[in-house]
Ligand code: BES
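The chain below stands alone, shown as structure tokens; this is the form predicted alone.
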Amino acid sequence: MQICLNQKDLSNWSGSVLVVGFLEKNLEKQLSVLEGIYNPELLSKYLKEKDFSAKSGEIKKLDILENSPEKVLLIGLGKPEELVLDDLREGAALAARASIGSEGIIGILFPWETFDSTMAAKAVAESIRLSIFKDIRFNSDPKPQKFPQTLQLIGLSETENNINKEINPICSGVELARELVGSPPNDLTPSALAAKAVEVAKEYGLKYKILERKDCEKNRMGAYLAVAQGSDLEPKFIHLTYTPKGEIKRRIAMVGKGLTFDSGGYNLKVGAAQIDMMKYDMGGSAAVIGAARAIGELSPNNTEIHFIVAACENMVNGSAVHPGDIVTASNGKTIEINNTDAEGRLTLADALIYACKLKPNSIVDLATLTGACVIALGDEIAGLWANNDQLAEDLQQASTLCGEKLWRMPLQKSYKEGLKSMLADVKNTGPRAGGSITAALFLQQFIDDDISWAHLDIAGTCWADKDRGINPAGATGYGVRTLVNWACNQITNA
């Protein structure tokens, strides 16, 4: 999709679909903007009859007798005093879905003056593109949906028309993450995930390294390999590196949980656990690889970035890890496995140790780690734990900038008592209460004290059961945009 800014008003605009956003206050006055297309008085009377009052989430399609535009969509944005950037995102998503089937040009006129125009343009452009995503790769007779290939943001300055260079790489990264998460586990194996990572690296100039089982054994990654030993498929430890041109002022690492399928092991998932959906247990790795794809094209300055994924399956066979086994992570810490379904944190333990050896300034891990986080924060907000206030603030600003929601949670030291083992250094799970917090505390034990670290639990946000804002039903690609904003130092207040 080509995105462009258009200073023209509606009097001389032409295209296939025209989208106009309205606020609840003084609706009749706002309707004058459509005077070249409709009689404002008649339009006002018509909208009153149809009970359109511009409340947030309202949409009204108007008929046009002439050929241009084919559709006019009126979008309610709510009360002006409550208007935030997310309202523009939601309105743009509504309009985009209502425009499917059209071709040509879609034009959007929103109340841009309320916001920084560049931020508003990016928010709406991302929303339009991402809300119409549809994964048709596994249909026997795929039919791509029609949608306008040019997006014009009406009333914005041409001097700011550089957003294609940012929007397209970022959206492509999100779409890649969605495709990875949406892939069935017989298609996206650990080897296939590694192959996709290598493909991204080759296309966008990243260095890559894939550690095989023997390499991981040499590195004494006993926690990671314990999870992998129940599967017939070989584990793949993925490490991509982005190196900027010129001086390196910052080194960061992104670590993603990479369970391409999670049966739960001998603590088999049953009942409401939705075992058929455990293909999305690699949502963290998808976000990391999607971010690598976007960052490789964006080429930010000054920051060296490492993308790390310990990919494997958690399955059940005669070799699978038992509940009660004790394994040793690559830093020598022993772990009693009291629940084989708390496997993600075991793979992350060795991945985080590996990341620490690279001596980064900061590490951020993303994982579909706990159902407890979903209970606490629902399916729209990810949990954030951090050992450093500045890193936490930077990530929250980066997420706010793109509309991905984060809520900081506590690293309550007293809860570490629940992870004590009678036999080993630590257990892999604590009590049921505060389960997402004890999971974060477990991970923290594999981070060097002098490294800033944050953990994002995205168990609720990586998948949507129905259309939700800019996310169509299915994989959301959550985390890609936050990671990219953070890595590229795009953390100004939204």
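Computed from a prediction, not measured in an experiment: that's the story for all the values here. Residue numbers run from 1 along the displayed sequence.
The same protein also exists as the form predicted in complex with the ligand; that form is not shown, yet it is the one meant from here on.
**Message:** Looking at heavy atoms inside 4.5 Å, which stretch does the ligand contact in the model of the complex, given the options 288-296, 96-104, 305-313, 343-351?
**Reply:** Selected stretch: 343-351.
**Asked** Does residue 371 reach the ligand in the model of the complex if we count a contact as any heavy atom within 4.5 Å?
**Response** Because a heavy atom of residue 371 falls inside 4.5 Å of the ligand in the model of the complex, the answer is yes.
**Prompt:** Can you check whether residue 269 is within 4.5 Å of the ligand in the model of the complex, heavy atom basis?
**Reply:** Residue 269 belongs to the contact set for the ligand.
**Item:** is_contact(residue 281, the ligand) in the model of the complex, heavy atom dist at most 4.5 Å
**Value:** Although the ligand is absent here, residue 281 would touch it in the model of the complex, with heavy atoms inside 4.5 Å.
**Message:** Please tell me whether any heavy atom belonging to residue 459 falls inside 4.5 Å of a heavy atom of the ligand, as the geometry stands in the model of the complex.
**Reply:** It does: once the ligand is placed as it appears in the model of the complex, residue 459 has a heavy atom within 4.5 Å of it.
**Request:** Counting non-hydrogen atoms within 4.5 angstroms of the ligand in the model of the complex, say which of 126, 404, 262, 365 makes the cut.
**Result:** Residue within 4.5 Å of the partner: 262.
**Request:** Using heavy atoms only and a 4.5 Å cut-off, determine which of 387, 339, 243, 118 is in contact with the ligand in the model of the complex.
**Result:** Contact with the ligand in the model of the complex is made by 339 alone.
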